[in-house]
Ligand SMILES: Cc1cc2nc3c(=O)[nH]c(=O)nc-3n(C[C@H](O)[C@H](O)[C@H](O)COP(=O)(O)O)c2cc1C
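Below, in structure tokens: the form predicted alone, a single chain.
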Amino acid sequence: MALDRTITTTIDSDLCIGCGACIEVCPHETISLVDGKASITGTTSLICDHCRAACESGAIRVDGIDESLSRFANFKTRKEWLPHGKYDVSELVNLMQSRRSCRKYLDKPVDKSVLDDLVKIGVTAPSGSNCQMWSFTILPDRSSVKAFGSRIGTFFENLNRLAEKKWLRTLLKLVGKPQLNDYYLNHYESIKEGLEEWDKTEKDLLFHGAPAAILVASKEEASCPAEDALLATQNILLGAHAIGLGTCLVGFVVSAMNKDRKICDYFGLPDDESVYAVIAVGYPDEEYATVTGRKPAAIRTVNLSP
């Protein structure tokens, strides 16, 4: 499927002062100056809204933009653009370092409007070629999260039954498919214990008792579907911490959904979308005295010659 590059930009020539600011920031050569006024001369558009944001005279409108995604229910935002270097970087880093994966939540529901705000924070992220082909599925209450968890539990029960068959693991490994054997060595026992805990006490080792969840997906024809979804996910994680919520990425759920399309069908997820992140969301029942450190990272500097 071809990407939609339909031009939805209009320019009021009476308001345009011909400064050319919109042309300078347009990444797709959609606009040019004609007789001293900005005019639509290209045939396609990224619908990035850069031109409208750069226009001081208010002459530009981009109908492809959903203005409701910039309106939040639980806090107010400023419309003024924040110039480069005009934010306290130490505060930004402190937010990033303070965000932790939360595995203990209060028995307190998260209002649907707060979850909607988190999604809107998510869509402020960049995306490859400005595709913005992501989607967000909200599980707004604990009942929905538990029902989802049960579906995931069934998947891993079936997977564990397969992994118990030594002959099957061995055969697959011999033909160059070691994944089932690797699963048995690294995850089988802990998954088995987790399923037993769920059956006995309903102890939730997937979502850790979170009262809500957000699934982040993207269409396969996007330029960078996985990257787009994960960039939006990071925005949600940071936004949640700033709002007062805890979050945790649930990788086992993503793995299950990628291996069993029936789980995606359970949500009515379109066939051309894949889930890249599942986020447990709730009010945290944990505190820390300091930020944490990180493991050593591979950092390389490469000077190249033409």
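Start at 1 with the first residue shown and count on from there. Keep in mind it's a predicted model, so treat the numbers as computed, not measured.
Another form, the form predicted together with the named molecule, is not on view; read the next lines as being about it.
Proximity to the named molecule in the predicted bound form, defined as a heavy atom within 4.5 Å, holds among 146, 173, 99, 219 only for 99.
Taking 250, 60, 275, 263 one by one, only a single residue has any non-hydrogen atom within 4.5 Å of the named molecule in the predicted bound form, and it is 250. Residues of just one listed stretch (62-70, 49-57, 265-273, 242-250) have heavy atoms within 4.5 Å of the named molecule in the predicted bound form: 242-250.
Although the partner is absent here, residue 103 sits close enough that one of its heavy atoms falls within 4.5 Å of the named molecule in the predicted bound form. For the chain shown alone, residue 208 is a contact residue for the named molecule in the predicted bound form, at least one non-hydrogen atom being within 4.5 angstroms. Annotation for 280-298: the only interface residue with the named molecule in the predicted bound form is 294 [heavy atom within 4.5 Å].
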